[in-house]
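Listed next as structure tokens is one chain, alone, in the form predicted on its own.
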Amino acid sequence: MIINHPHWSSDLTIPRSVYVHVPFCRHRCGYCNFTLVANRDEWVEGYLNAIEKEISAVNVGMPAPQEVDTVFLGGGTPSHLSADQLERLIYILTNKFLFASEIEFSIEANPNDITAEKVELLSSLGVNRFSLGVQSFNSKKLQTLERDHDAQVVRDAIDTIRKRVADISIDLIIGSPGETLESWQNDLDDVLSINPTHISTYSLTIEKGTQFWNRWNRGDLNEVSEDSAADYYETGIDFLTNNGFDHYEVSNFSRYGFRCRHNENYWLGKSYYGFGPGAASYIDGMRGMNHRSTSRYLQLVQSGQSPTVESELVDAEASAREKLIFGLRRIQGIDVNAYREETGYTVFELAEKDMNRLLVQKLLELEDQTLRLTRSGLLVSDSIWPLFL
């Protein structure tokens, strides 16, 4: 049966990036509001059947397999799947898509899931980039964040991965309750000691619907102040750039040649496929979002219906506004002449009053036809983006 699915493109610029959301986890951490289910391993086989059906409905009638440049298995915790389940998932992908010779194939992983056997299998199937949800090396901070590993588990996982795969990204959280500048600096020292190729640093936000939100409302959990979080962020920028990392996006740092190409595809406003619960696609100017509930996603696909429950046509102006925001997230900024040629808009047409105010306040700078965030702008970037939408 063919699903009546919106993931279809007749455009010559067919997406060359694929995201697959794997919603399974051992447990849900207190700060997490991602699309996932914990302790539902009995759903995995049904999920794999649904993913196969959803992917098979893409570009029906077009030559297959279709070549792609990046694949990203995110979650949830993709590494939570068994070796056999991971092998089947990747087989589903390779049956539909042709991996380019220089493909970037990433998988998000929990350090506790890393075994030599699993790494060997994934490497043999084409995975060449691991993104580890480390968050911290500090035992107290890890306990606060409700993580289930310690620093030694991380080091062992890195050693195991590095025997087969060189490209390793580490996620760190800034501003956990009770964190100090000293403990954050220790995390930076520790991450440098294992020498990953890529580091992402994310400020902790307490999201509605999470256990942290409930604890915060009861007064059981205190947030780090905005000033402290900004100090920690700047400390991270200075430390990592002084130690050879390229700060190429608001939250991302890489060694030379190891930027995340999959994420850059998003930031450049290019099209992409998304599969699985909560996954988004952007094709032919149409953005679609799958149902966030894993159980409902499974029901929809298994009954032959599209799992996409939200869709919108991104018109020229909306596309230009998004390219402005994504472009400014990249540290190199925006070439304003190239932007005008690509979008048909100047950067000032879309928000002239706010743009001029941000330039006067030195949160933005325009130099040699390049518009970029200043250091001060980086610290408040989340408050800038709504101005352009």
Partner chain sequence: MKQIRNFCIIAHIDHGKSTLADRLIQVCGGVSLRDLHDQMLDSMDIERERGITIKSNTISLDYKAKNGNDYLLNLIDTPGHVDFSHEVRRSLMACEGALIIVDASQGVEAQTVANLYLALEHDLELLPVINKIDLPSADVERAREAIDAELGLDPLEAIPVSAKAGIGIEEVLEGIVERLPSPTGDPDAPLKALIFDAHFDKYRGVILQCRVMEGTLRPKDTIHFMHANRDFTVDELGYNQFKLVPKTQLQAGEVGYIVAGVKSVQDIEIGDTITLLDRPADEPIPGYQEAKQVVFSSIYPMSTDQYVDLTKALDKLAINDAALTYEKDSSAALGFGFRCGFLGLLHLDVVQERIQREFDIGLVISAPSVKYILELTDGSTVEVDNPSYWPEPMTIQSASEPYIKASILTPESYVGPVMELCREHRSESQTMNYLSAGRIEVISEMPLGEVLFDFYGKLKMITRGYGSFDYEPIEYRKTDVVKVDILVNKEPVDTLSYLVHREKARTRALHYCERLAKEIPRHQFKIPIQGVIGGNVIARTTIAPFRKDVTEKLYGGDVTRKKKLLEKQKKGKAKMKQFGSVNIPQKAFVSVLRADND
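Positions refer to the first chain, counted from 1. In this text, all values refer to a predicted model and were calculated from it rather than measured experimentally.
What follows is about the form predicted in complex with its partner chain, which we do not show.
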{"property": "Proximity to its partner chain in the model of the complex (heavy atom, within 4.5 Å), stretch among 225 to 233, 99 to 107, 137 to 145, 151 to 159", "result": "225 to 233"}
{"property": "Heavy atom within 4.5 Å of its partner chain in the model of the complex - the one residue of 371, 20, 378, 25 that qualifies", "result": "378"}
{"property": "In the model of the complex, the residue from 197, 263, 294, 271 that sits within 4.5 Å of its partner chain by heavy atoms", "result": "263"}
{"property": "Every residue of 287, 382 and 389 near its partner chain in the model of the complex, heavy atom within 4.5 Å", "result": "yes"}
{"property": "Proximity of residue 280 to its partner chain in the model of the complex, heavy atoms at 4.5 Å", "result": "yes"}
{"property": "is_contact(residue 326, its partner chain) in the model of the complex, heavy atom dist at most 4.5 Å", "result": "yes"}
{"property": "Distance check, residue 267 to its partner chain in the model of the complex, heavy atom within 4.5 Å", "result": "yes"}
{"property": "Any non-hydrogen atom of residue 216 within 4.5 angstroms of its partner chain in the model of the complex", "result": "no"}
{"property": "Any residue of 101 to 123 that, in the model of the complex, places a heavy atom within 4.5 Å of its partner chain", "result": "none"}
